[in-house]
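Quick heads-up: it's one chain on its own, the form predicted alone, in structure tokens.
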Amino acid sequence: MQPIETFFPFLNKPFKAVITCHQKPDGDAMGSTLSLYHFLKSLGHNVTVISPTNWAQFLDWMPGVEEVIDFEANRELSTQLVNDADYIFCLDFNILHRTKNLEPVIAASNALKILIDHHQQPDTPNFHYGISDVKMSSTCEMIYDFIVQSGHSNLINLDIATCLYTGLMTDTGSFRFPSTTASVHKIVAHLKELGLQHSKIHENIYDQGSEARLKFMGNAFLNRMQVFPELNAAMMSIPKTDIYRFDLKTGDTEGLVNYLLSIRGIRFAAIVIDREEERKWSFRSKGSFDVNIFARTHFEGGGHANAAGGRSSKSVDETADDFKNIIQEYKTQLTQ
């Protein structure tokens, strides 16, 4: 994989591009793809954003989201666009299987693939150009640097600023995670100088939940949460019956795992959700406990040191029991 800087000269020549991200995109995935979309469009390129799956309703307000194509709902069109592209920009993921059923389409394309991502263990042989930097707070921070370092900071308008801020805010936990460096605050200051209305973005992301979601959360805290004080750990297991009972939509479980870390003394939090085809894990930690290693070792996953995901093909009860047995092996790390 060649350094991202070697791609900058190609920005001056018209091209067709597809921008994509991981399945079930979050604020950083959607924010980075849309900010890059607006930037490349301003340079005169033919650009399409394709999401591997649908996304949460709380992202539907973002500028340009109405142009995003859901691969699952538009496979024929999406495949044609990928096949016709000169470049495929791969944002907020670093291994193709994170694009779910879009993976074989991207893999078969002759387009050059550009990686911009901040997760660990990138599959660099599958990308032609790119940057992978785990020290970055978010992929949106990296897109900001991409625009500035390529010499086009003057093209950052309010739409781009809004999309960038969304990813910066969500991936730093509203700027409270350790990844929130001085550089992040400097970027936000620049975006504010451009006229960014940050409070509206917070409202659009965090104040659009349904009554059913709150009832679901109450049930989850009351009936699905288990705390292991002797291990400084906590977990939730969400069965499919809860998904149906509360009529949950994509994004309704977003951030739930973080509440477990608000319990005094808890250093490791996990939640498993019973999805149609598999059980999905989310892991969060404080301090030095590396959930990226934990997820890769035990649950076919990965991510960051303090935030990672995983999966299991077992039942929700079986994989939850596995988790409770496995964490006993980490007692020393979790309690020292």
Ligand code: 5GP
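Note that residue numbering begins at 1 and tracks the sequence as displayed. None of the values given here were measured: they were computed from a predicted structure.
The discussion below concerns the form predicted together with ligand 5GP, not included here.
With ligand 5GP left out here, work out from 30-38, 60-68, 44-52, 294-302 which stretch has heavy atoms within 4.5 Å of it in the predicted complex.
In short, 294-302.
So in the predicted complex, is ligand 5GP close enough to R279 to count as touching (4.5 Å, heavy atoms)?
Heavy-atom contact with ligand 5GP at 4.5 Å: absent for R279.
Can any non-hydrogen atom of A56 be found within 4.5 angstroms of ligand 5GP in the predicted complex?
No, A56 is distant from the partner.
Although the partner isn't part of this model, could you tell me whether I273 comes within 4.5 Å of ligand 5GP in the predicted complex, counting any heavy atom of the residue?
Judged by the heavy-atom cut-off of 4.5 Å, I273 is well away from ligand 5GP in the predicted complex.
Is the gap between K113 and ligand 5GP in the predicted complex 4.5 Å or less for some heavy atom pair?
Outside the cut-off, so no.
Which residue among T170, N94, S78, S237 has a heavy atom within 4.5 angstroms of ligand 5GP in the predicted complex?
Contact check passes for N94.
Which residues from 20-37 come close to ligand 5GP in the predicted complex, meaning a heavy atom within 4.5 Å?
Counting only heavy atoms within 4.5 Å of ligand 5GP in the predicted complex, the single contacting residue of 20-37 is H22.
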